[in-house]
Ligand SMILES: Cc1cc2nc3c(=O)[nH]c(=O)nc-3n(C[C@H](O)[C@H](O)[C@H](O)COP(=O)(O)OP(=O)(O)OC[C@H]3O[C@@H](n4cnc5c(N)ncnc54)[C@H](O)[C@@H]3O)c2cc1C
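A single chain comes next, written as structure tokens; it is the form predicted alone.
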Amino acid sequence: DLLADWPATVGRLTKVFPKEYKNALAKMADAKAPPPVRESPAAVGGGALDVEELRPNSVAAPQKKRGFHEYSRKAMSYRPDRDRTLDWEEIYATPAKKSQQWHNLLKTQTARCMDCGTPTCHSPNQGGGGCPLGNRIPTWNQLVHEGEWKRALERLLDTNNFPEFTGTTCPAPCEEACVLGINESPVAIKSTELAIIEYGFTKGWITPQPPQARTNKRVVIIGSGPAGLAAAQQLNRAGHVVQVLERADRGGGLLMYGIPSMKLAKTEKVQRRLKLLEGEGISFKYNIEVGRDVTLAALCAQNDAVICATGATQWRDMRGTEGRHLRNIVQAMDFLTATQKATLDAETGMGPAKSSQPYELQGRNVVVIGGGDTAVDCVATAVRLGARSVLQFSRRDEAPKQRPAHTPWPCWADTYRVDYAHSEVKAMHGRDPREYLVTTKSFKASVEDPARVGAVIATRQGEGNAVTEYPAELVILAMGFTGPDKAVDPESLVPRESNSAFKAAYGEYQAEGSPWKNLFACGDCRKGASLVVTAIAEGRDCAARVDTFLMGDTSLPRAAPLAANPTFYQMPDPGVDQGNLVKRFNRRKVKSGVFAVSDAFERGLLV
């Protein structure tokens, strides 16, 4: 029938071009077209006109059906680079009172979510992409688009205890695994997550939720970082009596002192959450160091369960490097903690004036050794303290601009990124602070004071034996962390892994080989240094295992990142060590008979 009346049939068909072919035709048409009378905004600004600029990022009535095609991405904005270096406020330009334009923006951005049949943003993968918490991202994107903010908040809190922390500090591996990110900018997931939780706070929807009954089981958690707080809240919801011990003078762990306030507001976010947890019945004790004020053995004997969530506080050092003994060569966490504490003490009236900082950097040269997030935070802090120049050394080469072959989608892309501190230094000092392929050889003493560092002697890969002397009145070592320090367990009664982390099987968290059967470990002290979102996931999952240990069963949800994605990993039978998860392509070699994960799931279908 179609061929019999072909001219009429052609009129009913829609011509579809591949995106690349369509762009090529558009370029050919532009080349043949006469020059425009009026210049476009992009041409006036000196840049090439991009397809993204042709599409709006905020409209009054966005349509979900073709939202990913009709609208461009717009994530949360940063304050101007120079302006934000003048204070310790958050770098994000988020309005306190939301206008209709703000609602239009969020509805438009969530309309870009394609509600994929297999949402790869939803679960973590072995390449570092996807949400470790298993956040139901398409669900709350849809609810925000429909204006159902309270329901979106409920779905978000189903899987994430502290969205205000992940919405600011998380590098958003979920966006790296977004299907839309295959050929254009991904959905602005992180911005939406922060918008939901902060909107909930402004509406008064988030209040303390104490349990209706208590089990009278006592649980002590060592450490009040993201893993410890997540485990505390989950176990408190189960009705257990939870006490959190923290050796610092404030709660929050690295959330309070390890992450600077311009990245995560302390009063507005961290202390606000701590007050909510106290209102739910969780007890916090500060300035209590396990191993000094109380022993681990005593805690295990006096309580039904003990969870170590101390974080990975054992830093890497350069002890064998010549000149390491010189003054003003400091560890990154010491530098950040002292600076944050001085700022918070001044703000709360517990210390001297704001101008009194433990490190006087006005007009000084600073060198930060390390290429990770902690090094970036040190760079930003040094800029705010008035440093004349800040350099960041990295042994790696500059990452490529495009996604490389060794980190394909949906993995975390090993690409060139400009973090907030890098743009600040460029605005203040006229250059990016990063020096690539640099290896530190020695530290040179200062001419004015031989006991203090005055320069860093380093070589650059590809330049032979040539050395360069970098002036430095302060050197910050930010080369990463391994496992927990020995303060909690000075007698080394708890076995450790090769990276000094506590030995506890993934998915079980019970400390292996320790004298106490009721001792558990989760977060960075078990896994090694990782992300805030991963620590929260481990805290939630550990709480479920502890509840099962105490009660024989649990109603708390599991949040084991790898167990949440059976497409990539095969979980062992119940009772079998879950530390040795088997990758999908090895499954049939080690297991026969009826599979715990169906073949349909092997093919990526949801069953």
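Every value quoted in this text rests on a predicted model; they were computed, and no experiment measured them. Note that residue numbering begins at 1 and tracks the sequence as displayed.
One more form of this protein, predicted in complex with the named molecule, exists but is not displayed; see below.
Worksheet item: Is the gap between Ala227 and the named molecule in the predicted complex 4.5 Å or less for some heavy atom pair?
Response: Ala227: yes, in contact with the named molecule in the predicted complex.
Practice prompt. With heavy atoms only and a cut-off of 4.5 Å, decide whether Pro171 touches the named molecule in the predicted complex.
Written response: Contact check for Pro171: yes, within 4.5 Å of the named molecule in the predicted complex.
Worksheet item: Heavy atoms within 4.5 Å of the named molecule in the predicted complex: does Phe162 have any?
Response: Close contact is absent here: in the predicted complex, Phe162 is far from the named molecule, nothing within 4.5 Å, heavy atoms only.
Worksheet entry | Partner proximity in the predicted complex: Asp373 to the named molecule, non-hydrogen atom cutoff 4.5 Å | The answer is yes: Asp373 has a heavy atom within 4.5 Å of the named molecule.
Worksheet item: Considering the named molecule in the predicted complex, which of Ala487, Leu437, Ile182, Met318 comes within 4.5 Å of it through any heavy atom?
Response: Comparing distances to the named molecule in the predicted complex, the residue within 4.5 Å is Ala487.
Fill in: Partner-contacting position among Leu361, Val290, Leu277, Met479 - heavy atom within 4.5 Å of the named molecule in the predicted complex
Filtering the options by heavy-atom distance leaves Val290.
Worksheet item: the named molecule isn't shown here, but in the predicted complex, which of 202-210, 426-434, 265-273, 281-289 has heavy atoms within 4.5 Å of it?
Response: Of the stretches listed, the one contacting the partner is 281-289.
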